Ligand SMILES: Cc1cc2nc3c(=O)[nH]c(=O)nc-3n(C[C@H](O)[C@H](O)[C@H](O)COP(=O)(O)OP(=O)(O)OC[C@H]3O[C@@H](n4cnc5c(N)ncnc54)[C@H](O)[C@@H]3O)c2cc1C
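In the block that follows, a single chain appears as structure tokens, in the form predicted alone.
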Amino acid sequence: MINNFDVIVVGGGPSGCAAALSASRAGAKVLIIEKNSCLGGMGTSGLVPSWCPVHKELFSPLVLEIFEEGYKSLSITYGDKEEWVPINHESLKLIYERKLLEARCKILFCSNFIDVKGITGKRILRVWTGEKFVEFSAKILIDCTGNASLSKMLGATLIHSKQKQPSTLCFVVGNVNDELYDESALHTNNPQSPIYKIISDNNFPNIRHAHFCSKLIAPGIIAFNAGYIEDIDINDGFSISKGLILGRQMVQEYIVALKKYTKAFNNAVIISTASTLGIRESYRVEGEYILTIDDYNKRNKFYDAVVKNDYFLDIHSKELNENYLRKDNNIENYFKNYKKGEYYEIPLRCLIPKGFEDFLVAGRIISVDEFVQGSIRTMPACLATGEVAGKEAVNRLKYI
């Protein structure tokens, strides 16, 4: 028996949720398939501490709807409603689920697609649901996997980076003294941050990088996006497993180090480590247009523009980490590349894989170069490209 849908979205991160939501709200029969047990990707199961900046003049009502509900779910007062707003991970899971169910979208958790076959407009996905194989048909497919898994299986052309960015396992710590906690004092950009003492301390052999971001997400609870796990091969399950194991070892070292070098964490305990390894970069899919660093620097606009974005080139690499450690490096200019009101545009062609009519991509795998990928891989941009992919999928149903 084949279950028939107009649109199938593979991947339930922010881009997948937005794609499924926009397509469902437009009247399409939609299925979203997620390999984990919840929606939201790095914003939920990945325990990323905060939203990247959401400058409201740039984003659509759908993106702002999800962002605003996430903001309202916070149990703390947070002043700036656009810059690095904390994430309530459990609430965000429920927000995505409720919105998709209200739109009559079918949600399938803990399932992996194994194969795809068929012809344009009549694709069939074979999915392992944990107990059996099930086949689903769709007129339009949208790849929101983050690793371009569906794109690879369909034979789309993939773009490889010269140097993959390192991964991170985020974590949450509780029983922290709020009065003594100072986010800016801990941050890498502060030359007096304890992270520099920690990476020089031989008692913490797995902490060797200065990447160190944290955020108060609830009273006494701090979420961390810290440390690097390098040389992860996303095509190798043993490599991913090794990364997760190393990440959990690093978290244990971080809590001991924080107690040693900061007073706020004297009585702190680890609440959770992420169930998903934070992979910043894997593959990108070559589309009808490849957005480049030149487009970014020139703030280029396009005739088929669908998304506005102003996030900086957030490229995590050994080279960037070395820049952090150079006192004479003017990192200020790098991180404030765009002034308020400036932005570049993402054309629709970046979401359309070359040579396909019934297939779209969204999220961090859209057609951009390795530099711009550091700007478009964030949650707000992923929501935005996902929404566009969902709308475009419905448009294409008319002639598929």
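Quick note: we count residues from 1 along the sequence shown, nothing fancier. Everything numeric here is computed off the predicted structure, so don't read it as measured data.
Missing here is the form predicted in complex with the named molecule; even so, the following discussion is about that form.
- Of the candidate stretches 189 to 197, 164 to 172, 250 to 258, 231 to 239, only 164 to 172 has residues whose heavy atoms lie within 4.5 Å of the named molecule in the predicted bound form.
- Taking the partner from the other structure, the named molecule in the predicted bound form has no heavy atom within 4.5 Å of any heavy atom of Ile142.
- Although the partner is absent here, Lys35 is a contact residue: one of its heavy atoms lies within 4.5 angstroms of the named molecule in the predicted bound form.
- For the chain shown alone, Val48 is a contact residue for the named molecule in the predicted bound form, at least one non-hydrogen atom being within 4.5 angstroms.
- Using a 4.5 angstroms threshold between heavy atoms, Cys382 counts as touching the named molecule in the predicted bound form.
- A heavy atom within 4.5 Å of the named molecule in the predicted bound form is found for one listed residue only; from Leu58, Ala26, Cys52, Leu348, this is Cys52.
- In the predicted bound form, the residues of 2 to 16 lying within 4.5 Å of the named molecule by at least one heavy atom are, in order, Val10, Gly11, Gly12, Gly13, Pro14, Ser15, Gly16.
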